Structures are given as C-alpha cells and as structure tokens.
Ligand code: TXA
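What follows is a single chain, given as structure tokens, in the form predicted alone.
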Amino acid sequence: MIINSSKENIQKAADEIISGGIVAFPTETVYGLGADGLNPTAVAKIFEAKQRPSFNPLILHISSSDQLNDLVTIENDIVYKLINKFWPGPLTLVLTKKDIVPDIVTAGNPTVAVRMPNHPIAKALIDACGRPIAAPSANQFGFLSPTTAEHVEKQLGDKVKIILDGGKSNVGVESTIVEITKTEVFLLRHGGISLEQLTEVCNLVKVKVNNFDKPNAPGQLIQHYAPNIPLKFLSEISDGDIKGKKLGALFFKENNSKIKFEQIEFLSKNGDMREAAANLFFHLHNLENKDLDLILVETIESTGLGIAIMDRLIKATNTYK
C-alpha cells in the first residue's frame, strides 16, 4: 500500500522494520526494499519478496558516518576521503565487515556494502529505526528498478505492506559501488557517481572484472534491469527482427531512425546526462506498460553517467539474448 511520507507514516514504517517486517522507501537513486539489516530473519524476507538469489549480497543503508564504524573495519584512509566528498550520496563502499553483520546480508563474503543515502525520507526512516537498513531495489529480481512508488506497487503488489511515497527518484540509477582494500580501490559497479568523479579523489581506481558466480556487491550479474518486453539495441537489429511487430523506442535526445514506432520516449531532449539517468528506468517502465512486442534503444556515449546508463542497458538486452 502506498502511503505519504508524513512524520507519522515514517514512524509507522520504522516500527514495521523494527518488528521484523519489510518496507519500500524512496532514495535518491531508486526505491529500496528495506529490512532490519542486523536481523537475519527479517533480511530473508527481502530475498523471498524479490525472488532474489541468496548468493547476491545486499547494501546496508546508514544515516550517519558514526554507524559505519559499528559495521566495518576501515584499513585505508581513502575511505574517509570518499565519505567526505560523496556522502550522503549515491556511493556504496565495500569494506571488511565486523561480526555484527549477518552473513545473509553479505552472501557469506567477508566484506559488506554500505552507503548513506541523500534523501530526507530515507535518512529519517533509518534514524527512526536506530539501526542500518538492508535494502536492494524494490522490484522483482532481474527486472526494471523502481523510481516511483507506483513502480514498486506494480512489481511487488501485496508482498510489501508499506510503500512510502517520495515522488520520483532524482538520480534514477543505482549507486556506484567501490571496493576498498588495504592498498587498492576497485570500481565494482558504475552508478550515480562517475569514474571521473572518483578519480578526482583517488586517482588509482581500478575497474574490477565482475565475479558472476560469487559477487561481493549487487549489480554484478550479466543479466539484470530488464523490462518484461524484449529490449534490443537499435544498431544490432535486422529487418527480420522488427517485421510485423509493434515497436517502442528509447532515444537519448532525438529520433534519427526511419523505423515506424508505436511509442517513443526520450531520455533528455536537452542532451543532459543527469536528466537521462534520472529518466532511464522511468521511461522503460512507461514502455513496458504499452502494447508492444519489442523495445529498441540507441547506444549512449560511454562517458560520465553514460557509462552507468549503458551498463544497465547492456545487462537488460543480455536478458533477451
């Protein structure tokens, strides 16, 4: 059930989490499906509701940097530089976990992913709970991430009793994930903070090859983020792929194709990459609600946030290969 995010309703949602339930709530990236991050039984309800495989770890959400020290061991001063620059915000840090963090959160890994969201409702909810909230995106596993409360309701329905409405997410793609060891910094997932922004703070960031069999953070699987209608890149289709089909399209800022489409969405008619990222899942949700056989999407320049957008689109198209 979608409810407004009044102070009373935030407390109601916090009480649900404290009692071992799950709640959907807004963040600046996408909507999350949250449970008490220190309660293994509650966290298990997230996996059940999403039909998420247990080998795929979750992110713990905190509302103050003081909470970080309760959850992890910090062995590299780069952590403090990144926190000072990007927290609160769409940056997740993967660090060595302490024993207080349940194994179900980390999928048995010795590290845990943690971030501090930059959204007043998310921060208020975490404060009201008084403990970290474990939360992946509030959707069915593998499908489109939700950027509105309505997206959550469409995918999860009565699997979650409380959906706090915070309007449309303003970043629109998930957080950037960085793993920090004693001596190195690895980029695990492109997201709301670009690689260029990261390298301004720590110029030796390495892009790590994903471990599809045993990921130590979310978003590393080869197939993900897919609408329930097949999605293909415009540059990869043939006449036979589209003949006799009802087509939808997702363009960056303009349509230069001669193909006839039933429905067209534009990520940003002004060519603004931040607007494009914020609109990505929103427009894909719109397209999958139409009577279409196939969605075609053009490639985006892989710089800045464009890398994060292309990461999602590639994984979505992989679902239908």
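Residue numbers run from 1 along the displayed sequence. It should be emphasised that the depicted structure is a prediction, and the values quoted were computed from it without experimental measurement.
The form predicted together with ligand TXA is left out here; the points below concern that form.
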I'd like to check something about residue 59: if you look in the model of the complex, is any of its heavy atoms closer than or equal to 4.5 Å to a heavy atom of ligand TXA? yes
Whether residue 115 contacts ligand TXA in the model of the complex should be assessed with a 4.5 Å heavy atom distance threshold; does it? yes
Find out whether any non-hydrogen atom of residue 189 is located within 4.5 angstroms of ligand TXA in the model of the complex, and reply yes or no. yes
Look up in the model of the complex whether residue 296 has a non-hydrogen atom within 4.5 angstroms of ligand TXA, and give yes or no. no
Between ligand TXA and 152, 169 and 268, in the model of the complex, does every residue show a non-hydrogen atom at 4.5 Å or closer? no
Selected contact from 140, 148, 111, 76, since only one has a non-hydrogen atom within 4.5 angstroms of ligand TXA in the model of the complex: 111
From 132, 136, 248, 227: within 4.5 Å of ligand TXA in the model of the complex by heavy atoms is 136
Counting only non-hydrogen atoms, the one stretch of 169 to 177, 76 to 84, 240 to 248, 198 to 206 within 4.5 angstroms of ligand TXA in the model of the complex is 169 to 177
